[in-house]
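Next up: a single chain in structure tokens, the form predicted alone.
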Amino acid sequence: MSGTAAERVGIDVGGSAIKAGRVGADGSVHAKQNWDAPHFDRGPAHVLDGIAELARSLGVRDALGIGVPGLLDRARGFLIESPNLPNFKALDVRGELARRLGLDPARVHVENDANAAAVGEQWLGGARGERDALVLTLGTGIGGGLILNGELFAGEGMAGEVGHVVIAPGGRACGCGRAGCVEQYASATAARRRALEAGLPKDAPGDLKRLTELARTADGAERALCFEVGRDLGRGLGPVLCLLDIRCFVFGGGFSAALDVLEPGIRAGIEERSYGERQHSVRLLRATLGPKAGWIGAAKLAF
């Protein structure tokens, strides 16, 4: 495969797979590939080698965008730490990939994975045309990317981390080193744990797909659990509404398929942690790009 100057390669590093693709400046997708089970336990060098090979196979030329999970030093392209990839700390993602690919380091754009997904959704997906939105990914953890005035807002690199808003001080320990973070109560991982602890659904404890199916069909224990999970998520979103007056929340990631049964709880949690009548104008939307959002957004950032 061979990329052109009007195309960019984007990479999305996920907790269980690494996804990549080549995108045109007009948003057309020209190629895509996945690296399933990348064996993060083998260490950063192994993973970076594999990412470089993915980029080469997609025809990377003079620029690359990559979304990585965790806290970044955006100026240097460093991954400071990643709660869900504990062996990846103080990693020079930009420099290491530039060296492997023979690129100018300034042409390797490193961004938080949730921020990259937000850019993708605002460019071509569920947040398309939105001036202000928070795009969330509900998966192993909870990521968030802020779009303000039509542009990604990342601050010094840590903006949008709604998954680490503390909603239960002294609560469950989180991989970030704190306790009571919203992702410990409302991520897919947390929802599965809560379902197992409650023995739900009764025919397949911990099966989130089955849980949501039953929550849709009957007003029972499964629906009540989805309401509680949604309310904890809404408790994390209420402060966002208070601080930024964002009325549009877009949900991606595998667990976003349950948005319809989570929504009543989300709205209850938002109302509990915000004020005024504005919460009634809040829109809860599904992301539309699915697993492509991260690498499409990373490619956009590389233009």
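Heads up, when I say rigid core I mean the largest set of C-alphas that superpose within 1.5 Å between the two forms. Worth saying up front: this structure is predicted, and the values here are computed from it rather than measured. One-based numbering along the sequence shown.
Below: the form predicted in complex with another copy of the chain, not depicted.
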- Item | Heavy atom of residue 131 within 4.5 Å of another copy of the chain in the predicted complex | yes
- Task: May I ask you to state whether residue 33 is within 4.5 Å of another copy of the chain in the predicted complex, using heavy atom distances?
- Result: no
- Classify residue 188 as contacting or not contacting another copy of the chain in the predicted complex by the rule of any non-hydrogen atom within 4.5 angstroms, answering yes or no. no
- Indicate whether residue 156 is a 4.5 Å heavy atom neighbour of another copy of the chain in the predicted complex. yes
- Note on the structure: Students should find that, of 29, 242, 45, 257, the residue having a non-hydrogen atom no more than 4.5 angstroms from another copy of the chain in the predicted complex is 242
- Message: To verify the annotation, which of these, 113, 161, 222, 232, has a non-hydrogen atom within 4.5 Å of another copy of the chain in the predicted complex?
- Response: 161
- Query: Taking the partner as it appears in the predicted complex, which of 59-67, 36-44, 257-265, 274-282 has residues with heavy atoms within 4.5 Å of another copy of the chain?
  - Reply: 274-282
- Taking another copy of the chain in the predicted complex, which residues along 167-187 bring a heavy atom to within 4.5 Å of it? 167, 169, 176, 178
- Note yes or no: does the Cα of residue 80 move by 2 Å or more between this form and the one not shown after the core is superposed? yes
